[in-house]
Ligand code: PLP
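First comes one chain, alone, set out as structure tokens in the form predicted on its own.
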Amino acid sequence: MDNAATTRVMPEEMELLEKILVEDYGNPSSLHRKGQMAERHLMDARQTVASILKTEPKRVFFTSCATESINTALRGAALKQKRFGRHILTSKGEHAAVRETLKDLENQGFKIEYLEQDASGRILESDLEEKLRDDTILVTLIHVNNETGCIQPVDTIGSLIRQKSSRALFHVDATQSFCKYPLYPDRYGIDLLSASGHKINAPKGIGLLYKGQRASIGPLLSGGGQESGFRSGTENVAFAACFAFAASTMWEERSELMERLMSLKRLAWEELKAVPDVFINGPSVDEGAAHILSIRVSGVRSEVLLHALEDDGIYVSSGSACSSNKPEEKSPTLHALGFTPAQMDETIRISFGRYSAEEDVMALSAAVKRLVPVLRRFSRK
């Protein structure tokens, strides 16, 4: 029940992985047959991802993870655009990969300004329109919030940015939304888009960066000139192929899959809200992403409940997996929604994936109903 943190690789990918690592293991830069076979796998993977994004293959670059893609996009855009200004717009609900990168850019003299949002976490487009300036060089927003599942309307936001600013680049963190929701960057006015394989049942260690025509940013890595000179280093052909397989499978099945995950989410909330003083965080069940449910269990610390559920073989999260090992840092996402530190400490995230089933939801529900009254009695002592 922690699929927003990572997902299980599909069995078919293991067969593909073995074939490429053992048989088609050549370097795609080599001119001989082994190299050509590897290059074909890479080209096919790029074409697959490009077709999902409805863009040209030359716009798709493979990286090691979404964090690398985000860093490349934000740093590259800031450095390339700084001659026009240093003003960057973002939200208070961004992932740590964005927050920390922007913090570093702020230390370098860039001005970071935060957009207002409603009670669910969606940014106010009127505020975005008001805050876009002549010296705004970048807007970066998360599409689906990794903690609450709040969905930003990136299509209309992209159109608004293009209408109001001729220079500002638009970066979208699509780590939690790629292949789950339609994302057509050329059509939506998105200049840069980051995503990761291990959120969609591909291996850890592979990500992508879409780079639109307007985003003429430079590379962070120099060397042999791979990825059309944008990301040097021998390509991870096997993982790129697995990423493309997982993306293609999820994209083809997305309507049925997301409908099923939404049904599981609704069932989970119906069961869990029967427990006294349990509240949903952020958007309503139907307004948020189908695979993420954030709840607050009043009177029980999330870490205590997490480990109690773990003893039953049930795994949930106390927040973003990328920052859960930093107890000194409270959630900026929940803080922006007006949560107190104590309320943040009572929040757990339940997230669903391809292999989630109704019996998993019922097992979670039964465990929460049994454990919470006991844990509350202990916490009061």
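Each residue number is its position in the shown sequence, starting from 1. Everything numeric here is computed off the predicted structure, so don't read it as measured data.
Although it is not shown, the form predicted in complex with the named molecule is what the next lines describe.
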The named molecule in the predicted complex: contacting segment from 224 to 232, 260 to 268, 190 to 198, 104 to 112, heavy atom within 4.5 Å: 190 to 198
L334, I348, V49, A66 - the one with a heavy atom within 4.5 Å of the named molecule in the predicted complex: A66
Candidate from Q152, N281, T136, Q176 lying within 4.5 Å of the named molecule in the predicted complex - any heavy atom: Q176
K211 within 4.5 Å of the named molecule in the predicted complex, heavy atoms: no
In the predicted complex, A73 touching the named molecule (heavy atom, 4.5 Å): no
Any residue of 79 to 96 that, in the predicted complex, places a heavy atom within 4.5 Å of the named molecule: H95
